[in-house]
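So this first bit is one chain, no partners, the form predicted on its own, shown in structure tokens.
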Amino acid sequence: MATIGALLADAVQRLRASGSDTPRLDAELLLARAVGTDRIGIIAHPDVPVGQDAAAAFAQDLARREAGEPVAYIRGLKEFHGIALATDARALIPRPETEALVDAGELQIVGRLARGAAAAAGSRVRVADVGTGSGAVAIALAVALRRRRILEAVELVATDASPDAVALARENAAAHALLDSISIVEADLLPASLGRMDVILANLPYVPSAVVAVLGGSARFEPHLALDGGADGLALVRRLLAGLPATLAPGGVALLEIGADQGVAAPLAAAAAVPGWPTVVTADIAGLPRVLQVDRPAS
């Protein structure tokens, strides 16, 4: 009977040969899933023998990973901003860099509530998450606001053009007891019929079409609709920016995730769509351009 350590050593070698960027992490996560523990249990007990059923399940998952299937799809979940989300081929796998968008949105909402802007207007802060996918941004934001005990002061809407993604987002919202707190709508970007928002968050597809066509690794298993941003990667971003006069309230802010190579092009797109509106690009923890902030003047 093979031990945890022996299975891991073999798996790491195989995953490295197959092209995985994180062979050790992948192997630990998959073996933990097979034996019904967590990564810490795997790391701490390399000499523990693994039963035949668990070893067989691990072998099946390992073969799927060798073929390039993302670990998040194999496990059926992904950790994001301190929460666990169900993941499958219906939506893009949440990326760590997108956590910067959640943090930026939380700061904006907290600031508005602290200033009493919503109370003065006699309403809640209206927030939209455009292109919600698995619901990662909207749900992580709602969890953060609930932790602060201010979720009831916010009206949160999440939209996506994919009915499959909308279904997954609703499943994730239900798992976090947030179905009553987030309105999840199938829609093209952000229809003006939903009314003007105080804060708009968007993680739209921003990979150029030519790049999507040759993507390898895990991205081959993800829906192209969630990756393809048109010729230069900014087609959907431009459409959302063009709609801001009808969807963003005066004094409101739009926060859009962008590619690391779009730190110049994205602000130029904003300047063309909404001339005179202040814009700024903030970096992620790696120091790369990540969030485009567009502020609508209050008057």
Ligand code: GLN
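Position 1 is the first residue in the sequence shown; the rest follow in order. Note that the structure is a prediction, hence the values are computed from the model and not measured.
Keep in mind the form predicted in complex with this ligand is missing from the figure; the text below concerns it.
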Item to check | Candidate stretches 197-205, 79-87, 107-115, 165-173, one within 4.5 Å of this ligand in the predicted bound form by heavy atom | outcome: 197-205
Checklist entry - Does this ligand get within 4.5 angstroms of any non-hydrogen atom of residue 257 in the predicted bound form? => result yes
Checklist entry - Taking heavy atoms and a 4.5 Å cut-off, does residue 226 contact this ligand in the predicted bound form? => result yes
Checklist entry - Should residue 97 be counted as a contact of this ligand in the predicted bound form, where contact means heavy atoms within 4.5 Å? => result yes
Checklist entry - So in the predicted bound form, does any heavy atom of residue 92 sit within 4.5 Å of this ligand? => result yes
